[in-house]
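For reference, the chain that follows is the form predicted on its own, supplied as structure tokens.
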């Protein structure tokens, strides 16, 4: 059965199930509000606007993203296009006291790709010690766990968070998480063992080191390519006035170094370090979000220098509310001005033969305006100016893009 038929069948089943249950339940449908106090990026999974009908055992939510854009690179354009980037459905259920289930299903580019981004069960022993198992969203950086479109005033996801980390990164595994509260401070941690990447990190069509290519293995939810677990851990601290600071680390062997008892290669590892910072100031009218990531990859010596052993990426978003008042019938609408600065270097270092700098980097500046009639819906207009250099450091290609789009929870 093709993807769109599978998607239609699934949506039809969900719709009939909800309608059938609601018809037999005299209670009304209510929206579960989002929490704000003491929340960290690690709480983004549950901190979403769910809908629940009476005593129905499951809460349901989702979001969608659609946009139009006109892109020109070095004066050449393919014209004007509309895009339906994604719609996500998420489900949450309290199975029993202190046992919760969460799942997120993504439909990308219509039904071109259908992905199960998360599906796990939480056992809540104590606020500081909880156990999670299933398909887990790896806590590397801030964006990977906090990636919902309606939360951002930018149409494109950050380059470093998608091509270097790469979001959305999830794997099957188990681990522990918890939070501790001291006065105005919130401390949080997560630590998981999961399956990891595969040989496509270096064996890919991009002809460069790419963690994004190494996560696409459809068998990653069945077995570990290397036969060894990958570790992902994060520590975060938040103060209501100072903001949230997070440090995360991910490490594991990515190659198939052993098969049928025979050693085929050395164990080749990846190590990812990330730091992120989020703060809301001026009575929540100024929001600054930043993330930086450094990647180390053990590349075979037989590979050319087109495959980098080190990568670096970062972005910072500055969003300020300039108007906040009733507009066009919406009581809490607001207009934001936004600016994103971003950079990604896919091959840090110098050529061995010439000692010249290796290129293969990209940077962009993205100003924008966003209108939020309500907090869960955004209309956004962005202009992207981007420069990208090739491996040899030739004059960079220059890209300009005009984008308009909408994103909303439902």
Partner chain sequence: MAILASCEKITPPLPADDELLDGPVEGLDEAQNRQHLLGDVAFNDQIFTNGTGLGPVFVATSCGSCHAGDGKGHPFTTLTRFGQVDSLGNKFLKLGGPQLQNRALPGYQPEQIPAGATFAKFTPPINSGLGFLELVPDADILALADPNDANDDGISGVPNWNTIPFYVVPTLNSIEKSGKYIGRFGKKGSVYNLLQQTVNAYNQDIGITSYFEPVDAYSLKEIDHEVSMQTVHDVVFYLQTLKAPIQRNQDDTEVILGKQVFNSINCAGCHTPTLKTSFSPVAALSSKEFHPYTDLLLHDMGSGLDDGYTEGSAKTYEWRTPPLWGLGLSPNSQGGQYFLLHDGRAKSIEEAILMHGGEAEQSRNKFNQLSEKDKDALIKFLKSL
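Source: prediction; values computed, not measured. Positions refer to the first chain, counted from 1.
As for the form predicted together with the partner chain, it is not shown, yet the points below apply to it.
For the residues 331, 183, 205, 126, the 4.5 Å heavy atom test against the partner chain in the model of the complex is passed only by 205.
Of the residues given (284, 115, 74, 324), 74 alone sits with a heavy atom within 4.5 Å of the partner chain in the model of the complex. Proximity of residue 247 to the partner chain in the model of the complex: non-hydrogen atoms within 4.5 Å are absent; the residue sits far from the partner. Taking the partner from elsewhere, residue 307 is found to have a heavy atom lying within 4.5 Å of the partner chain in the model of the complex. Taking the partner from the other structure, the partner chain in the model of the complex has no heavy atom within 4.5 Å of any heavy atom of residue 108.
Using a 4.5 angstroms threshold between heavy atoms, residue 131 stays clear of the partner chain in the model of the complex.
Here the chain stands by itself, but in the model of the complex one stretch of 269-277, 147-155, 172-180, 294-302, 294-302, has heavy atoms within 4.5 Å of the partner chain. Shown without its partner, the chain has 353, 354 in segment 352-368 as residues with a non-hydrogen atom within 4.5 angstroms of the partner chain in the model of the complex.
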